[in-house]
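In structure tokens, the next block holds one chain alone, the form predicted on its own.
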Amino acid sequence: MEGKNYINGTFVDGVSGERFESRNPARFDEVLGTFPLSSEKDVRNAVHAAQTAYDSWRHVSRIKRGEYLDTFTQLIKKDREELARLMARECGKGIVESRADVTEGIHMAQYVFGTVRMPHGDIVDSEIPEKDSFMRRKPKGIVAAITAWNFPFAVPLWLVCPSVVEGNTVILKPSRETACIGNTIAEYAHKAGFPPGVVNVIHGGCGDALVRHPDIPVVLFVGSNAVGSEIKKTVAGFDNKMAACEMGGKNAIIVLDDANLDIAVNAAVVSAFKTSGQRCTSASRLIVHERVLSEFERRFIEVTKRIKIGDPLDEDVFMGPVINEAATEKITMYNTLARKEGAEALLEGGRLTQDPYTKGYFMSPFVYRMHHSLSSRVLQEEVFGPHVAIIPVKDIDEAVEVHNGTGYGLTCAVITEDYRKARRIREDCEYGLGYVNLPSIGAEVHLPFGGVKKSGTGLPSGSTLIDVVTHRTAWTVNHAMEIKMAQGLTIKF
């Protein structure tokens, strides 16, 4: 694929002429495409296109704006298997997971389209009976959407779809690691007939220029805490900007003493190792009551050993490769660090270099037991790979303390047969997404998606993004022949 930027309804080369490659992490000698390494001038061109389109786009009927999304969705549905296979090759997710990613993107577009004929705003009673008061929403302008590689289709649509249907224009910067999927989003937007400048896609190292551009009032980001924190600092220096950042997690599954261990083990394996542990919602901490610790560990290790690692296009593969060489080095470093910090390894894991793994970034799961420590880096920092700690606790009070004993707060799952215990976890743990007798991963598009503490700004992605990409306005109409004010104030001359 020879990818291009998509600006003002046209596919164009980058201004600098420089390009980068997207490679298959399962076969790193396979180049899937080349793409423009965009510059600040490319950003300025995209912003100009989005600004020009904004005034007319925001005056298009909200229902009509939704119909563009419906056309977009119908086009994608015809090609979902082709998209899933491209995704599996480009980011290393298994084909089953890749299909789910495409489906989730479709669901988001369908959900947003479904809202356009629903009530939008509120009629509010006035203190003065001769007045009508309304709450209305207005778009903010240009939205910059900067997205990660691990959900290269669904997450961009979480951000783009609500933004455009509310009357904003969008500049999407997909991850360099999944530029092919980013390019296909531009192609479908073009085929769907969005007016020029409404949806723009630019590739490469231009995120900072997008964040700093004075004419972009909203920045949406999904990625690491390190990058998201810098975005928040930059945005804070502007009077007219805001940022909604989803920034990963150090998530946990809490297995209580009354847990159904069949559910507990299955939920833990899925949460820890789907997408090779490279989800912001992945559970890298398994907090287990000491009464069931031995049996849980035995069964968890037994199932983990049976995980099939291999080519993402193989229907039976559970784990594909991690995304790149830097990821293998980071995960290896944390595996080594866990041993130095006193972990007891229950299952050795690391880089797989023998056949058939020689040409990919494949890693096997590393599982260890370790008691909770606020000073332990491996229990505090996001690893983003198949690296899992089992942490024993003596009761639910300690489980809550351990769960909250990190700087992150994205997802929390509890396995229990007692709804009272589940309620305790619901009320006292710090998280954005909570689950009972389920894995810590999984999102439904009509629910908010976001975290607290280092995981997010409290401004979630997905369906509730409307509160970020619009601002509420009050509109009051007087039907009387005189002016009457609230709080008993009257005006007469």
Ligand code: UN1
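Treat the numbers as computed from the prediction; the structure is a model and nothing was measured. From 1 onward, residues are counted along the sequence shown.
Another form exists, predicted in complex with this ligand; not displayed. Remarks below refer to it.
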property: Within 4.5 Å of this ligand in the model of the complex, all of 150, 222 and 443 (non-hydrogen atom); result: yes
property: Residue 140 within 4.5 Å of this ligand in the model of the complex, heavy atoms; result: no
property: Heavy atom of residue 281 within 4.5 Å of this ligand in the model of the complex; result: yes
property: Any non-hydrogen atom of residue 381 within 4.5 angstroms of this ligand in the model of the complex; result: no
property: Contact test in the model of the complex: residue 202 vs this ligand, heavy atoms, 4.5 Å; result: no
property: Interface stretch in the model of the complex with this ligand - options 37-45, 434-442, 420-428, 56-64, non-hydrogen atom within 4.5 Å; result: 434-442
property: Among the candidates 155, 144, 91, 254, the residue which, in the model of the complex, approaches this ligand to within 4.5 Å (heavy atoms); result: 155
property: Position in contact with this ligand when the complex is considered in the model of the complex, options 311, 104, 230, 398, heavy atoms within 4.5 Å; result: 104
